[in-house]
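First, one chain by itself in structure tokens, the form predicted alone.
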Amino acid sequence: MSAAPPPDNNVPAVQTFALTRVYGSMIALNALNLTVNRGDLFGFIGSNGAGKTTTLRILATFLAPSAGTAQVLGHDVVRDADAVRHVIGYMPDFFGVYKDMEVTEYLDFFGACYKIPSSQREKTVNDVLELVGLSEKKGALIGALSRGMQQRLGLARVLIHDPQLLLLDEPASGLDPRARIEMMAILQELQKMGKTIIISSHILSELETLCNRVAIIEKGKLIYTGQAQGVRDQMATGRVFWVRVIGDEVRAVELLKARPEINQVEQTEGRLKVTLNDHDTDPGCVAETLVHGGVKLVGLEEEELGLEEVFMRVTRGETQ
């Protein structure tokens, strides 16, 4: 039997085609079409029960789809499951550790499971420990490690066979702020090394700065996929500007409210909050109105729509 040809390097890291998963009468995934490009640090966003974990488990070959297909680096997750397992590293939101084992013993065990030769395992274990910042804990018992260190050890475990794609389900769950920051820094370094990473998380403010692309999912349906800035632009139907003037604020409010392009004007803490009717409205109308009306304008700044606010706007918190 001849070996299967290597996957085309031009194909995306992940592609799903009408991917569907049904549990009895519950639809966990509803015809999901998703593309993750090679080299992406991809944020997968959704409420609990939205379908994130189901998607990751299908990609990791632990679940079979009820309908549709999924490919990982060109390999079908059902027909080529063994090939998929060799190129992925899957880290679930909760994973078991052997607390009475030493860190190096734990990783050596998994290295043996991946059939890494014993002559190479020591160097491989040392390399992944250095990568996740646990070199000083080589001889420590796992049970003595903090939650953050155990999460990093879990990441080291999925890196032991040098996978091309990492599937990380809530990797920062339960971590304190410092441990979360350290984990995100490690993920950025892995992306620089050429890894493709899919990370599901509720820590939206961190995904906004961490990920180059995101997807939002609710009730098993894909609501948005693309750049983080793209979803902000798409949902910012009423752009908001903060305005500072010198002089008569009441006069400024009257002038702005008279413009048809402006939806709302509010006075708050020495500034005016001006909401435009739609995203395409030229914000220059704000400055033009005030200057022509004889009001001295000293500040005009757009309010950035954060990813958390976008998430709240586009989702309803619904689950199956």
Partner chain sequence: MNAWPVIHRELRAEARHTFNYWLRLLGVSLLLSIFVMMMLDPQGSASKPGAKLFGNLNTALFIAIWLLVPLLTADCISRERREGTLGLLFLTPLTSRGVVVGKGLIHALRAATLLLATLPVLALPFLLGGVTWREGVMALLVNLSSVCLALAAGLIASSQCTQWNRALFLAEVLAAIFLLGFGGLFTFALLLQVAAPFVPGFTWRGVSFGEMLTGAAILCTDVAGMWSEAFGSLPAAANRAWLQTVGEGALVAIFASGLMVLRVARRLERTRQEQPPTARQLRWQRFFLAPLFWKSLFRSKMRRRLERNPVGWLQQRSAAARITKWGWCLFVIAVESSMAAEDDFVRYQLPLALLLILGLAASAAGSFSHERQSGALELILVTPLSVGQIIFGRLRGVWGQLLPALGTVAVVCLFVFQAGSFDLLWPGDDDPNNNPNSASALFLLSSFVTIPGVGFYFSLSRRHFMTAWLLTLAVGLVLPWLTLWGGRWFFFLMHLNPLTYRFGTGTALAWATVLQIVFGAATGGLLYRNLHCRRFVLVS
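Nothing here was measured: the structure is a model prediction, and the numbers come from that model. Residue numbers count along the first chain shown, from 1.
The protein also exists as the form predicted together with its partner chain; that form is not presented, and the subsequent description refers to it.
Contact assignment for its partner chain in the predicted complex, among 219, 75, 85, 239, heavy atom within 4.5 Å: By the 4.5 Å heavy-atom cutoff, the listed residue in contact is 85.
Exactly one residue in 34, 286, 272, 60 has a non-hydrogen atom within 4.5 Å of its partner chain in the predicted complex; which is it? By the 4.5 Å criterion, the partner-contacting residue is 60.
- Message: Residues 137, 165 and 193 are flagged as a possible site; in the predicted complex, is every one of them within 4.5 Å of its partner chain by some non-hydrogen atom?
- Response: No, the candidate spot makes no contact with its partner chain.
Heavy atoms, 4.5 Å, its partner chain in the predicted complex: which of 289-297, 36-44, 247-255, 52-60 makes the cut? Say which one. Flagged stretch: 52-60.
Check your understanding: Going by a heavy atom distance of 4.5 Å, is residue 97 a contact of its partner chain in the predicted complex?
Key -> Yes, residue 97 is a contact residue.
*With a 4.5 Å heavy atom cut-off, would you call residue 118 a contact of its partner chain in the predicted complex?*
Contact with its partner chain, yes.
* Are any of the heavy atoms in residue 189 no more than 4.5 Å from a heavy atom of its partner chain in the predicted complex? -> Contact with its partner chain, no.
Point to revise | Residue contact check: residue 108 to its partner chain in the predicted complex, 4.5 Å heavy atom | key: Yes, residue 108 is a contact residue.
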